[in-house]
Ligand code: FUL
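Just one chain follows, in the form predicted on its own, and it is written as structure tokens.
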Amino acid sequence: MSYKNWSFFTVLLGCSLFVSCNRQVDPPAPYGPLPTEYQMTWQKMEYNMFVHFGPNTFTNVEWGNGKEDPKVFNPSAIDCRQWAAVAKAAGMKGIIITAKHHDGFCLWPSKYSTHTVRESSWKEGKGDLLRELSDACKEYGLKFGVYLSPWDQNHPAYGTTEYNQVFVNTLTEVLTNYGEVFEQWFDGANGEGHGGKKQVYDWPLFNATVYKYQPQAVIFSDVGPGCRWVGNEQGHVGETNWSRLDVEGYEPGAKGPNPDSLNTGNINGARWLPAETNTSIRPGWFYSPSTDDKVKSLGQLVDIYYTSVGRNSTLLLNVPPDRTGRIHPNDSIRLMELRKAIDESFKTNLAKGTLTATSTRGNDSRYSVTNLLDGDYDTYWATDDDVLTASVELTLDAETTFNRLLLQEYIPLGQRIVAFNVDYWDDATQNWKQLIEATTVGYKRILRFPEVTASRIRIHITRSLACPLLNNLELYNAPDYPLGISDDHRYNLTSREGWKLLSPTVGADKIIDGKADEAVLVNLSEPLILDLGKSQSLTGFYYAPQNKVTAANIQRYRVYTSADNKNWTELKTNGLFNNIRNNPVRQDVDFGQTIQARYFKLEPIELTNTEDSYAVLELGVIQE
């Protein structure tokens, strides 16, 4: 071979080696449905404030009936800037306001309703609460969202074919007059209750209206299409939580997916529908003076944070303003305590050391396991396409005590990890010991476990639907906060001396033992009849349902009192425990007067589910 030809061959060989050494490994292909840009922005917000405010704040009910005098709405010192300041200081990123609840009352002067702030006493009818709140959100750097219930117990067109357009008109007013809306909250409640009129909602029209005027808005409902309800209002999504859901054949409200599916999502769900966990800082959604001492404990709120944000969900925490129009000090103080607890828990990331993995995609440094510690959301560790099980090991710089592990999956390419376990290296036995087993990761997973001291920790992915992708790993040693006294037990202050439950006879003692710890199932044909032992002055009663969305609890009822267990006076003909299906917490009912009686009877009319028996945790009367 001539020198000229040899030189040419050498150049070709060198070029070939250069290309081979610098061959670009393709990134993992997207798997399954994916989040949109707006859903990703929404997910990263993590923690927002819900604000329930309206006539119900002043009438002491959870669901108004649309017949209340609008003049009852008259906050004496409303300050939306205070709401925004509290939300900002609490670490929240946005506020969603109940612009229109089921009573139909509009917090703006809608030209499509006569049940609005315009007809109220507040600011002599010249106020616009949505304007004040949207301006306050802008000032404090918060995003603004709105809740509009399509159920309207005031509007005369409700229940007719014309109503859907009325609702679209009110929706359009809100979406075009108050700036950018980050989330549109839709409630699927429908009809005026037992035997009431129903509306056939045009959900495609409602959603299209939102996207027409606010294309970036994430729409909430049981079936999205932007994010989904978690199937309960207690503040916890499932330990397994897929950001995917099958929605074909379902719609918001009673025709939605079952609560279990909403709570866990579907592993092969056709839509990307991440979970939003909504709960209230108080037992109810609207402010009531009777709940000033029943704000959730710090321990309860910390637990809710872990069972929502820590389980691949966002947290929407309701903080209802009081009758002055300001957030009550008890609520704001507790929010500041929660902010401090979260900051303290995640102040010092202990994940300092050397990371290795059993597999790296194409041995390409772009997919190195070291990306888990670089703080960049968009860099991640990945394996080759055919590697669905793998381990990541962190050798710490020194022996470290920790009790929290935070992991994040790179969800812009889909949710993949089905199951994994966490091990720590036990120096004493020179063996790996399992610390915890877990399922899904998603956007963020925070695992809690007893303190352990170790120099090495290993995350072993045991099942993944496609090659696993992780983009963050953090370790913490966080304080533990006791849950405190439950809401049910804080209520039980009434003396039960001399009480006897005459009906039912089975399980009677448990129903009036004051413990609210075990549900009793009572045949639907049997009322609850309580003998107080002697005549007493009564102002109301309470019923504690079984704390499950799927339970058959009393929803509608009749109430009677008697002096002799023979002649009964009916006090409530068609009483309603508002929202008890979705929020099955203790229900306190005020008679509105003082009744002298020895016997009390609660008769169920309608249950939250179709069953032959209803559930009772506790029953009692409220004495003067």
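Numbers follow the displayed sequence, beginning with 1. Keep in mind that what you see is a predicted model, and the values were worked out from it rather than measured.
Beyond what is shown, the protein has a form predicted together with beta-L-fucopyranose (FUL); the following relates to that form.
- Looking at residue 52, you'd find a heavy atom of it within 4.5 angstroms of beta-L-fucopyranose (FUL) in the predicted bound form.
- Contact annotation for residue 313: none of its heavy atoms lies within 4.5 Å of beta-L-fucopyranose (FUL) in the predicted bound form.
- The shortest heavy atom separation between residue 185 and beta-L-fucopyranose (FUL) in the predicted bound form is within 4.5 Å.
- Although the partner is absent here, residue 285 is a contact residue: one of its heavy atoms lies within 4.5 angstroms of beta-L-fucopyranose (FUL) in the predicted bound form.
- Comparing 267-275, 101-109, 392-400, 203-211 against beta-L-fucopyranose (FUL) in the predicted bound form, the single stretch with non-hydrogen atoms within 4.5 angstroms of it is 101-109.
- This chain appears without its partner; in the predicted bound form, the one residue of 562, 65, 582, 41 with a heavy atom within 4.5 Å of beta-L-fucopyranose (FUL) is 582.
- The single contact residue among 513, 364, 292, 233, judged by any heavy atom lying within 4.5 Å of beta-L-fucopyranose (FUL) in the predicted bound form, is 233.
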